[in-house]
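Heads up, the chain below is alone and in the form predicted alone; it's given as structure tokens.
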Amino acid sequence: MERFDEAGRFLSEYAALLLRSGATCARVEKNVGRMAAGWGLSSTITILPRHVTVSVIAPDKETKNFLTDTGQTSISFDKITKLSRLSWEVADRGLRIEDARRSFLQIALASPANAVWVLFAVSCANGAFCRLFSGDAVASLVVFLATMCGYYLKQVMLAHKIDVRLVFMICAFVSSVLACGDSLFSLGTTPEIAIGTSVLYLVPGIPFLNSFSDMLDKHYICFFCRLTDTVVLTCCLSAGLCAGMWVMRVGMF
């Protein structure tokens, strides 16, 4: 009975961390089911926007439910990959619950990627997006600098637990204001592209893709909630962009 409870609690915490890291509902179901089968159990999962309930079923049909708060989303492909690998180790190698929990804690408590490196990489990527959309070299440099300032502000504000919607508006405003310098000072030949691409680093692409994945897997509640969050964040992004252009008296049309 004690091991039954231990397995259920572990699978519930495991599912919550997967969801918090940005995994789709289908991946959570498969990974949890794989691990439960590796321990001679079966499981069903109920996924809600803020909670996940794992029902663990023993061979004698005894069933227990374990509820865990998913917490605030913090997307990490590295954690998703390692957690998926852990599920295969349980299924293929028969990893014991104690060993699985030890590995799980190492994954959960692992330090995030270096913030400075992430800031530089995101800035380079957004500058490359500007170039991809036919922006000139000056526009790409402007977008690089605007992204660096905006993303740094995002890192600081999120670290201080500021509401993510406000973060999106402020960061989009700051990046668009800086990008408008390309137009105001006639620095290049494609200022409109610099302004338009300066906020692309804020586009919530992963939640958007996950929402449609959930829809295809018939997780309609999660689909609707994730899509709603995505639409709200996109509206906040747009509001910040428009506010920045209005303040700088720059029009797109």
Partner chain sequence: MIEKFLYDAFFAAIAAIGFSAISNPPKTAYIYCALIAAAGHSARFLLMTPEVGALNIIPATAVASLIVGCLAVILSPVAKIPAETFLFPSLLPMIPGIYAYKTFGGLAMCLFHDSETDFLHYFYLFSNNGFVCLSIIIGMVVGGTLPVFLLKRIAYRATR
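Nothing here was measured: the structure is a model prediction, and the numbers come from that model. Positions refer to the first chain, counted from 1.
There is another form of the same protein, the form predicted together with its partner chain; it is not shown, and what comes next is about it.
Undergrad: Tell me, which of 124, 105, 158, 166 has a heavy atom within 4.5 angstroms of its partner chain in the model of the complex?
TA: Checked against the cut-off, the match is 124.
Undergrad: At 4.5 Å by heavy atoms, is each residue in 9, 66 and 224 next to its partner chain in the model of the complex?
TA: Not a single residue of the candidate spot has a heavy atom within 4.5 Å of its partner chain in the model of the complex.
Undergrad: Please name which of the stretches 57-65, 43-51, 181-189, 206-214 has residues with heavy atoms lying within 4.5 Å of its partner chain in the model of the complex.
TA: It is the stretch 206-214.
Undergrad: Can residue 131 be called a contact residue for its partner chain in the model of the complex at 4.5 Å between heavy atoms?
TA: Output for residue 131 is yes: heavy atoms within 4.5 Å of its partner chain.
Undergrad: Under a 4.5 Å heavy atom criterion, is residue 242 part of the interface with its partner chain in the model of the complex?
TA: Within the cut-off, so yes.
Undergrad: For residue 26, is any heavy atom within 4.5 Å of its partner chain in the model of the complex, or not?
TA: Taking the distances in the model of the complex, the answer for residue 26 is yes, it comes within 4.5 Å of its partner chain.
Undergrad: Classify residue 96 as contacting or not contacting its partner chain in the model of the complex by the rule of any non-hydrogen atom within 4.5 angstroms, answering yes or no.
TA: The answer is no: residue 96 has no heavy atom within 4.5 Å of its partner chain.
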